[in-house]
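A single chain, nothing else alongside it, follows as structure tokens in the form predicted on its own.
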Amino acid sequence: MKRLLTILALAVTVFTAGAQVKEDFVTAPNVQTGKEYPKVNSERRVRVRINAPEAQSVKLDICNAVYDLRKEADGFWVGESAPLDEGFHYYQIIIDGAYVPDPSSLYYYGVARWSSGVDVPAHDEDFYALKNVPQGEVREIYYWSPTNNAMRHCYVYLPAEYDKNPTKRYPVLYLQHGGGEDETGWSVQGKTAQIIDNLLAEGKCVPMIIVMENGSWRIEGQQAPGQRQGGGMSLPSDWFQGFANTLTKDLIPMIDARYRTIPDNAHRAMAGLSMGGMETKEIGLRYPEVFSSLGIFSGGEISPEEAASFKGFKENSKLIFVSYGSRELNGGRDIQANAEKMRSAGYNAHTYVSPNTAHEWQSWRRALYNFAQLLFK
């Protein structure tokens, strides 16, 4: 009897879950050519369909949760997530315990591997939509780094007007990815070019060059790039110095020599998300003669006491911008209160909180959108 009740309860659960899922799924924009899945519905659930006829178990791993898929008669496994936050999410498929990308989705470098990704429609996605406006360019650059005795790789965004104004010079933003990501992150997942193109078309930001390099680092003995996205790892005091040397000794001189920049700190900014935000803070405090504007997205904040302890920082600081997703602040951090203290101490401090998002790309897309409108003005 007990077993019968358990089976009935399970059947009711499955039926109820199925009844609750709204069947208005549409194909997500992140599919490979000719593919139908992943799909997203109006409840912001993601549905996948995987061909694995010989598998014993197939699961969907997305947003720190794992969902069992249902096997159909044709050998495909189908299932969906719970409702998710708006924006971009990495995900993996687990087939008999092996983590693999979804063969139907586009691939993105994140969480220290090539992963699948899906965009859940956002109410404000218009600001990063691809529109019929003047289009800038994202150029792929290889260059020699004496500091590393190796070739390096970066991406450079140039505004649409760059080649049409051969004598005009431009300010530069150095924009960093997070831990477990690389230099592709901001131009692909972050939609940097679309955000800036749209802002420029609306007259809301200053034309600028944006440089996206690989800021990953390693602690000796570790295989994965260094990251600290929720605490728990002790960082060496100079963890950021290797990239600081690459940035100041190799990358910036190369960019200033190759492009028409305004090569002074008043026209140079640094920003980043998570690990990149932490790098921005540490490097920005120590190199005020290089950067005058800082954007820290989900990567900490600067207190008046910290700022005062670094020689030349206050005299050179033009803008300090701190941003988080609202779900990241549930622990009680009050970034606005700290910004008020910074303003009282004489700094141009701004904050932005992304509504109903966590440590994820929608928070950082919105952060860039708001930060760019304050830069170089």
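It should be emphasised that the depicted structure is a prediction, and the values quoted were computed from it without experimental measurement. Each residue number is its position in the shown sequence, starting from 1.
Here the subject shifts to the form predicted in complex with another copy of the chain, a form of this protein not shown in this document.
- The stretch from 318 to 326, 305 to 313, 51 to 59, 332 to 340 that comes within 4.5 Å of another copy of the chain in the model of the complex, counting heavy atoms only, is 51 to 59.
- Between another copy of the chain and the residues Tyr287, Tyr109, Phe76, Phe243, the one pair within 4.5 Å by heavy atoms in the model of the complex involves Tyr109.
- Contact annotation: of the candidates Ile141, Val206, Val120, Leu251, the single residue with a non-hydrogen atom within 4.5 angstroms of another copy of the chain in the model of the complex is Ile141.
- No member of the trio Thr147, Gly179 and Ser274 reaches another copy of the chain in the model of the complex with any non-hydrogen atom inside 4.5 Å.
- Remark: Thr261 does not count among the residues lining another copy of the chain in the model of the complex, judged by a heavy atom distance of 4.5 Å or less.
- Within 4.5 Å of some heavy atom of another copy of the chain in the model of the complex lies at least one heavy atom of Gln194.
- Residue contact check for Arg169: none of its heavy atoms lie within 4.5 Å of another copy of the chain in the model of the complex.
- In the model of the complex, at least one heavy atom of Leu130 sits within 4.5 Å of another copy of the chain.
- Residues of 99 to 128 placing a heavy atom within 4.5 Å of another copy of the chain in the model of the complex, in sequence order: Tyr99, Val100, Pro101, Pro103, Leu106, Tyr107, Tyr109, Ala112, Arg113, Trp114.
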